[in-house]
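A single chain comes next, written as structure tokens; it is the form predicted alone.
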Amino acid sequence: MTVEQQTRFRTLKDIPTPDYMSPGGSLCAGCGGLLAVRLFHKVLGPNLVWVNAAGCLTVMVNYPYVPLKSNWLYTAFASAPAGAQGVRDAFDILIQKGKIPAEEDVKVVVLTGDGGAYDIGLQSTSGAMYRNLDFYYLCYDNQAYGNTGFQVSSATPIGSATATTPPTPSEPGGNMFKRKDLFEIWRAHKPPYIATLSSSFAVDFLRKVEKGSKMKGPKLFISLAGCPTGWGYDPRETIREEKLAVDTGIWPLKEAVNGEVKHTYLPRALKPVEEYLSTQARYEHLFRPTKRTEVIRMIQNDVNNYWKMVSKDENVEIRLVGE
């Protein structure tokens, strides 16, 4: 059975028209995390509970002004998966005892930024996976601690400037640590479904959420979340920035079903990473006043090496940059 037969999402015309999020709100204009939540909601519908780890999207819900047509639970930075366990257990017990009908059951979704997903909440998340908790885990990855001033996180890419890794005479390239691979950290726990997402590939995004919704157990969705404030670009360009990340190979679109990895978008030819880096203020120090060729080359080599392995593993031909 083909993907087209398995999914109700074939083209952009199939994106559901109902919105479960009101317009306006207190988040930054062009927030990629907000786009991800909106698309996620369109697939799962309104009958869910968001369990929010402290972060950028925490300021989206300011009582009594709630933009969501669903349920919301605040938790501390490190404990969203533990909160999700409580919600899931409570509904299971209430249904089992006949206190509420089964049709009133809800989907439980942890919503967290990369700070909570890669760093502060990783222990709690590992525990929830160990217990095989049936929940969705949506990470809006803006690649820094965006809500508190854009400090470095373990999701921050090499060469990026943040509030705590600015370019300096001793470290002119900015952040020089490589990102953690959250996809592989989750895969080591053997959950049923893991996927990377980008709102710039909306149909791919919707298909993956739909696919995960048919599986029981922990399900991870890592969505690239363009951040105009922290990355330094015009808020109107979020979709362009996210698409450039995919087209340059910096942000691969892939999934793992019961541990088996498959890329859902395979570019025929990668665009140079410079096309992506040069559009954002967080990489400006790589181009001015002196071009940091060695750092740019390092980033390009990492991307090329990744896609060399993909080409071999999935038996496809991808034209790399400079090779």
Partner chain sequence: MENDETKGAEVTIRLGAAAGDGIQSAGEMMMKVLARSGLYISTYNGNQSLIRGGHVWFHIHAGTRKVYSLGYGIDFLVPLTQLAFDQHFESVNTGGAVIYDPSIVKPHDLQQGVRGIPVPLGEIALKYDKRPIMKNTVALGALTSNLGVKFEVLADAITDQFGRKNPGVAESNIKAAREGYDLVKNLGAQSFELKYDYSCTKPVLTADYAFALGAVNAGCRFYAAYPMSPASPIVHWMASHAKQLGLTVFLGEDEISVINATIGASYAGARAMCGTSGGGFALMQEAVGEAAMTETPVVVVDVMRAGPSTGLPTKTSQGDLNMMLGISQDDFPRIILAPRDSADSFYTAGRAFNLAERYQVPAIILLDFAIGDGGYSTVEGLDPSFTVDRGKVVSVPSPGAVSGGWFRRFALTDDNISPRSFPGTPDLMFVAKTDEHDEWGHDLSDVNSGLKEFLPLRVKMHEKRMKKLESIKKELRLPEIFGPTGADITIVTWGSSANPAREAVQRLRMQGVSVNSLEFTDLYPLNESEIKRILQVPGKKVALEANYTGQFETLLKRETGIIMDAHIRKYDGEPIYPSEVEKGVLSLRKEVHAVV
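Think of the rigid core as the biggest set of C-alphas that the two forms share within 1.5 Å after superposition. Numbering follows the first chain given and starts at 1. In this text the structure is predicted, and so the values were computed from the model without any measurement.
Below, we refer to the form predicted together with its partner chain, which is not included among the displayed structures.
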Picking from 44, 39, 59, 298, the single residue whose non-hydrogen atoms come within 4.5 angstroms of its partner chain in the model of the complex is 59
Tell me, yes or no, whether residue 183 is in contact with its partner chain in the model of the complex, where a contact means a heavy atom of each within 4.5 Å. no
I'd like to check something about residue 120: if you look in the model of the complex, is any of its heavy atoms closer than or equal to 4.5 Å to a heavy atom of its partner chain? yes
So in the model of the complex, does residue 151 come within 4.5 Å of its partner chain, heavy atom to heavy atom? yes
Check residue 293 for me: does it contact its partner chain in the model of the complex (non-hydrogen atoms, 4.5 angstroms)? no
Could you tell me which of 159-167, 242-250, 184-192, 201-209 sits within 4.5 Å of its partner chain in the model of the complex, going by non-hydrogen atoms? 159-167
Can you list, in sequence order, the residues from 13-31 that come within 4.5 Å of its partner chain in the model of the complex, counting heavy atoms only? 25, 26, 27, 28, 29
Rigid core fit then residue 64 CA moved by 2 Å or more between the shown form and the other one: yes
